[in-house]
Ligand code: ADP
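Read the single chain below, which is given as structure tokens and is the form predicted alone.
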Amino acid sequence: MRIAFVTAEIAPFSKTGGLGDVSAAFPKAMQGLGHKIVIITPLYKSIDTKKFRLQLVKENIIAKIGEKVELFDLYVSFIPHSKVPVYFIKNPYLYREGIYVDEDGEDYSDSAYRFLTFTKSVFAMLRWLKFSPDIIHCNDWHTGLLPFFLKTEYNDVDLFKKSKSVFTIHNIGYQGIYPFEDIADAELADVYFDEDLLGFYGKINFMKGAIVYSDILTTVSSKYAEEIQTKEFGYGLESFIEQRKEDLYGIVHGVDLNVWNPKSDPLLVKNYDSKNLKGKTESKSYLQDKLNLNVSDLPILGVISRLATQKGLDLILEKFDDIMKLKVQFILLGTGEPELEKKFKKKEEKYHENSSINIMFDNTLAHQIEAAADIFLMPSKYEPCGLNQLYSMIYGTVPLVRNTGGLSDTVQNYDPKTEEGTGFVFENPNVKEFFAAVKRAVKVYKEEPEKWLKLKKKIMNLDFTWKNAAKQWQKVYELAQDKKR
């Protein structure tokens, strides 16, 4: 199949979260199955064009938005260690330092027009390349208007007559809701702003447009596919998703073992695998020393996360003092809500010998935390898929998660009596259940070291590669191709 994979971010060129990682790993897996895939993404100022060897393909390609003309330049590079081409669209509306927000952390006031421009540029770029995709795979709200335009403005264009759209919901909490006038230049007929189509309480909703117009909908875990059909998790779109449930599929992400693999990870002080865990022990003492913690055998609780209440970090803060009384160490890496950042830094002042709060993004440190930690905390209020629980298990770090979304699909609660399970799971997002799970995990670590060792080795040998996920995706693409236009 010929696949155009469209995304707002792709690691290592641009990344704010899991979407960037998936956008890099998924296409490599699909190419490995023999499909011809190209990636299309914006060119941001923050992308180092020299470092990543971007080559100019064509200048001043025309994208028409209604009667308005936008020009863009087209660049190309490749995902590192692969032959998957990445095409970058450079336009003044997209070419900014921040991906989604400005230097003050505020949303761009013209976000709707930015990604409308990106959408129309994608079609113009495919026409210029004469690339006729069997599948246009769109990701999150930034690409939400692509399925709409494919079935309206470009419906009778020969290049796209056989093209089908697949839309992946990575996080339904971000939908791209804007006043109609923000995309007035597109000159869309009023009928499209109907509440059954693009309209959403008097505004346009990019994600809703994709839910209505895509041939196939997917999301990033089976559990999340069920959850987003409910009022609690659907963020106002649950009824529209429920209407499309026959076309909705949940597929858990895989892990790129070229990037996340303790056996070969160049960012670790010493590599290791399930047969020889000496490197994990050395990684622990190395990181304790690096972060000025007491070098000891105390269990390290690790967190790598966007600092947001959605991630359940308020639960950690509320029980922080009680957690430290269990005689543990705590390492956090991430940025986010200023209030959460301040509160965690205050805890570090109080427990400076056994806690390290790193308000930053540091890829090297992220890998080193995964290797050094004993327990990885993900107490998310909701988590569409999650990747860090997968990375953790590959690195022999036991995940502690809430029973939601992709965490439910990938982590089974551990019972020390039967030794079944792969982590520690709690049901409801409250401090009582969360702290009980922490106590259970720490108890097994301290009192039953032989069982803890067996658990570590077991989770390291689980298969979280993209191989199985890619085969599922191929089936979904085939279902999309069978859809009538």
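It should be emphasised that the depicted structure is a prediction, and the values quoted were computed from it without experimental measurement. When you see a residue number, it is the position in the sequence shown, counting from 1.
If you look for the form predicted together with adenosine-5'-diphosphate, you will not find it shown, but the lines that follow are about it.
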Subject >> Heavy atom contact within 4.5 Å of adenosine-5'-diphosphate in the predicted complex, the stretch among 128-136, 303-311, 161-169, 115-123 >> reply: 303-311
Original post:
Heavy atoms within 4.5 Å of adenosine-5'-diphosphate in the predicted complex: does residue 391 have any?
Top reply: yes
Original post:
Just to confirm, residue 82 within 4.5 Å of adenosine-5'-diphosphate in the predicted complex by heavy atoms?
Top reply: no
Subject >> adenosine-5'-diphosphate contact in the predicted complex: residue 148, any heavy atom under 4.5 Å >> reply: no
Original post:
Using heavy atoms and a 4.5 Å limit, would one call residue 17 a contact residue for adenosine-5'-diphosphate in the predicted complex?
Top reply: yes
Original post:
For this chain shown on its own, do 333, 366 and 378 all sit within 4.5 Å of adenosine-5'-diphosphate in the predicted complex, going by heavy atoms?
Top reply: yes
Subject >> Contact residue in the predicted complex, chosen from 262, 386, 399, 144 - any heavy atom within 4.5 Å of adenosine-5'-diphosphate >> reply: 386
**OP:** Could you check which residue among 361, 193, 95, 235 gets a heavy atom within 4.5 Å of adenosine-5'-diphosphate in the predicted complex?
**Re:** 361
